[in-house]
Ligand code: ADP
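This document starts with one chain, in the form predicted alone, laid out as C-alpha cells.
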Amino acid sequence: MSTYGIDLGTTYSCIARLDSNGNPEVIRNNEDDSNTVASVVFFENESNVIVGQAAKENVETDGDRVVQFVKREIGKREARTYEFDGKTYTPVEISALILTRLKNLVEDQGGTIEDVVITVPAYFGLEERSATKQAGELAGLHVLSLINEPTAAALSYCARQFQEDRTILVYDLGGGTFDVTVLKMSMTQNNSGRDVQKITVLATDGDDRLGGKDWDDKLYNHILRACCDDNGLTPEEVEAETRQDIRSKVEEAKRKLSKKQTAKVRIDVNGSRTEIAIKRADFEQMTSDLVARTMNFVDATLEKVPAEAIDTVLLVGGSTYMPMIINAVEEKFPGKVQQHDPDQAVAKGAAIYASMLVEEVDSLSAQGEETSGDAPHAEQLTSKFTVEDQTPRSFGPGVVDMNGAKHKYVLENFIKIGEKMPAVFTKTYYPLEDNQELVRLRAFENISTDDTLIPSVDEDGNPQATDPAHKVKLLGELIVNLPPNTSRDTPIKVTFKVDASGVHVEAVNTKTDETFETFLRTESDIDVERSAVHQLRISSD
C-alpha cells in the first residue's frame, strides 16, 4: 500500500496507512521510539539538518538554529523567513523538511510512498491550505487532497464504532492549534446503491494560535520562576543549559500531572540541585484562561448547532489527556464525552480518506469492473464512507458596482462560509470601459455571510487588500487579456470553485471563448491602488 495519511502537526507529526486487513495503522518512528515525529528542525551546520526529537533537544542551547511551531506561520503573509549558512528558508520549506522526515520513515522500513492526504485545521484559509499542499509537493509527495483535521478524526471514529444518525462534536486540542467541529453521521446510498456512512460537517470554529504549546509555556515559566526564587537569581542569569533542562522536562511534568496530583521536577541550576513540586491544582489555576478560551469557541459553535442536538463528544489531540480539559468538556456535555485515539486519530482518518480517493479513481478507471474475489478486503473500509465538508471562508471577486450615483468597488461573495464542498458558482460581468485592454480579476476570501461587502479604504479612498472587520484577504489576481476594440457589453463569465485544497478561479470571454484560469501572483504587493482600474463591473445596462 503506497497511499498514506499525514497529520502535519504544530508540535508533533504522524503518518499512517491502511494495513493488509484494511485497518488504519501508524508508521512507527523507531529512531525516537515513538509513533510521532517532533515538528522541529535543527540546522546544525550547512551539511547536517536534523528533524525530530534530536532537534528539539537543542531549543535552549542552540535556539537560534532551531525552528519549531512553523505550522502557525505557514501561509501567513506576515510569516518570517529563516536564514542558516547563507540560505533562506520559508515556512513552506521548513514544513517540507518535516514531511520529508515522515516520508523517510516509510522508506527506511522498506515501504514506498506515493499518494498522500495531508490534514489541516478546519478554519485554515486558502493561503494556508495552498502552502501546506506546496510543502507536500516540495517533499516529493503527490498530494491527493487536504482534509480538515476534525473530519479526519471523525472518519477514524466511524471506522471503529459507527452509530446511525449521530451528531458528534469534535474537540481537537493539538500542540499548537485548536478546532471545534460538529458533524452529522448518517446512512445513505452511494452511486452504486450501496449503503455507506455519510459524514456531514455542520459547523466549525477554532484558533491557530491556541494549543498545548501555550500550556507548556506557562508551565515552563512557572518552573523557571521557582528555580530563580530558590537560588536567588533573575531569569536572565539562568544558563542556557538549565533552560534546556527545564524545557525538556515540561512535557514529562505535564504528563505526570494528568495522572497524579503532584509532579516533582529536579533541575540543576548553575551547579545547584533544585527540586520543585508542582500541584495539579496550581497548574490548572495558571492555565484556566486557556481552557476558557477553548470553551468560548465551543459556545460559539453551539450557536449554530444547539447543545441538546449533540449525541457524542470526541476528544482529539494529545492535549486532551489533561484532566482539566476532560472535566471542562464533561461539565458542558455530561455523559457524552469519549476519548478516541487522541494522538493518532487524525493521521488514521487521513489514511482512510487517501484510500477512499484512490479507490474512487481506480473504480472510475475500471469503468464498472468488479474487484476480484481474492483482492484484499472487497468490503474495505474505504468503500463504506462518504464525506461532505464545508467551506472554511467566503470567496468571490472584487468588482465595480455601477448602480447608484456613486460607483463603488465591492466584494461579491459567490461562495459563502459553511457551504458544502466542492462548491461552484458562476456569474457574468462586463468590462468597465470600451476598448479596455485587460481585466484584473481579483479574488478575495473573508468570514462574512453577506452577499456583498464594501471593503475598507485608505485615506485616499483606495480599497485595502485586507479588512480586519471581516478578515477580508486578497488572494491574488487573474489577468484577462481582451482583444482590440472590445466593447463594454462583452460578457466575461467568472467561475469560482472551492474544494478542500483551495480556490480555483476561471474567466471566459464568451465572445472569443478564450479561457483564463491561472493566478499570475498572490503576493501581498499587488497594486491595490489600481483596484478601480481595468476592472469588471456589475451590469446596470
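Numbers follow the displayed sequence, beginning with 1. If you superpose the two forms and keep the largest set of C-alpha atoms that fall within 1.5 Å, you have the rigid core. None of these values were measured; they are calculated from a predicted model.
If you look for the form predicted in complex with the ligand, you will not find it shown, but the lines that follow are about it.
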| query | finding |
| --- | --- |
| Contact residue in the predicted bound form, chosen from Gly174, Pro431, Pro392, Gly136 - any heavy atom within 4.5 Å of the ligand | Gly174 |
| Heavy atom within 4.5 Å of the ligand in the predicted bound form - residue from Asp245, Glu412, Glu127, Glu251 | Glu251 |
| Stretch in contact in the predicted bound form with the ligand, which is absent here, among 210 to 218, 422 to 430, 150 to 158, 108 to 116 (heavy atoms within 4.5 Å) | 210 to 218 |
| 4.5 Å heavy atom contact, Tyr321 and the ligand in the predicted bound form | yes |
| Residue contact check: Pro24 to the ligand in the predicted bound form, 4.5 Å heavy atom | no |
| Close approach of Arg255 to the ligand in the predicted bound form, 4.5 Å, heavy atom | yes |
| 4.5 angstroms heavy atom contact with the ligand in the predicted bound form for Gly206 | no |
| Residues from 334 to 352 in contact with the ligand (non-hydrogen atom within 4.5 Å) in the predicted bound form | Asp343 |
| Rigid core superposed: Lys259 CA moves 2 Å or more between this form and the one not shown | yes |
